[in-house]
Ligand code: KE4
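The form predicted on its own is given below as one chain in structure tokens.
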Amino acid sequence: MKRTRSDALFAEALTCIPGGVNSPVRAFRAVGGQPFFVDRAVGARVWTVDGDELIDYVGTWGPAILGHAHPRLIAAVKAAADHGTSFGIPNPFEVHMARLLCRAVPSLQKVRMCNSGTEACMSAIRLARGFTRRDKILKFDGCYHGHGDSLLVKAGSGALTLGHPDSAGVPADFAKHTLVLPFNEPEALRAAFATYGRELAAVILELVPANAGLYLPRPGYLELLRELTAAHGTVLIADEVMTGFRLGLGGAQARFGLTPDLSTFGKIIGGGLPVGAFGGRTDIMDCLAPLGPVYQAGTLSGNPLALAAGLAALEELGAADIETAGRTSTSEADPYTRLEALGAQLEEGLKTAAKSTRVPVQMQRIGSMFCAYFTAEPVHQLADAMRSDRDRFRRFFHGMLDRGIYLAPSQFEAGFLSTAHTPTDIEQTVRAAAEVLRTL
């Protein structure tokens, strides 16, 4: 890759932006080297400021399920902007989005818009605490729910110890109310509820943890979680910021047959613009101001540009036509059918490439989300993921980048496909992977 203009921009950024980036993973610290800067993105490709063309599997970290600069989304944003960029007054897009979300996801009876996935998760936690009048929450090691203070907590030294801060600036008094468990361990879950069940306001989790790479819930695990939370009056929060409308119209909860009490959304529902939403049971949601005592607000909540883009994206995915959530189609024209086929092609291709080179790789995929761990052992939770060979991933990442393939610059991030990817893109990616794997 050419780096002249990117290197100059990064040098300038270092003088006025902490670390030169506005989100840490962009800094390439996990893989070494310096980040490149993007000039434009269309379909499944991005072009750097130095003119290099890359097949993109980051997809704005999930929102670009239709690819970049989709014509329908661009037209929707332009049309909305002609009427103003922000009002601070209710606008029709808010009602249309809320109705569409509630129709698509059966667990949603009411929804409130906000401005990011972080804000949605932070607000859902506050709401659950206000509804239950309890303080403690439970999260899972390896699940990320944004950078709210209560959620930047790592596991304590034992399975039943409360967490401690995972970031400077998070008071220990906040962390002591957060219990952290390993994902996919039923006995740890049972023990936690036996000890703390009546104190837990909420359990929050990614139904498919995708911020430590990607691993799936074991059979029966989500069902056990639903049973325990219901029995103890604990609010179950499904973080669907990444999986919502990515794994189907009903999200991961429809795919796994789970009915949470609250859910959080972001990414795809904004069509690539800043957005968040949280919603669920009416009795819980009505605890929000102005009806109830739990305060939450936002100047740009329900922003018309973000919601216009999000509505266009969801309609393109078929959400406007559904009568029940989780509608599936086997039509080749159905976007989720196409994404599943592309995902399967990529998965099989990378598995074959790894097998032929005898490099130990665990290829994990669900729908259009994927991750390749450099380890010989199965990955079911964070501890398994941490055994991956990160130096081998670093070399793989740079080898792929040199061949025009952009993957997430960390072993512990998921990759994303879009409907703009083609079978030819996948073939090119698999060929590049085979070449790089032979050098590892």
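Start at 1 with the first residue shown and count on from there. Note that the coordinates shown come from a computational prediction; the quantities given were computed from them, not determined experimentally.
The protein also exists as the form predicted in complex with this ligand; that form is not presented, and the subsequent description refers to it.
Participant: Counting only non-hydrogen atoms, choose the one of 112-120, 191-199, 277-285, 350-358 that falls within 4.5 Å of this ligand in the model of the complex.
Facilitator: Contact criterion met by 112-120 only.
Participant: Even though the partner isn't displayed, in the model of the complex is residue 269 close enough to this ligand, meaning a heavy atom within 4.5 Å?
Facilitator: Because no heavy atom of residue 269 falls inside 4.5 Å of this ligand in the model of the complex, the answer is no.
Participant: Taking this ligand as it sits in the model of the complex, is residue 242 in contact with it (heavy atom to heavy atom, 4.5 Å or less)?
Facilitator: Yes, contact at 4.5 Å.
Participant: In the model of the complex, is there a heavy atom of this ligand that lies within 4.5 Å of any heavy atom of residue 25, even though the partner is absent here?
Facilitator: Flag for residue 25 set to yes.
Participant: So in the model of the complex, is this ligand close enough to residue 211 to count as touching (4.5 Å, heavy atoms)?
Facilitator: Contact with this ligand, yes.
Participant: Could you work out which of 146, 248, 343, 182 is the residue within 4.5 angstroms of this ligand in the model of the complex, going by heavy atoms?
Facilitator: Partner contact (heavy atom, 4.5 Å) among the options: 146.
Participant: Just one of 52, 389, 413, 384 has a heavy atom within 4.5 angstroms of this ligand in the model of the complex, so which one?
Facilitator: After the contact test, the surviving option is 413.
Participant: With the partner left out here, which residues of 54-80 have a non-hydrogen atom within 4.5 Å of this ligand in the model of the complex?
Facilitator: Just 61.
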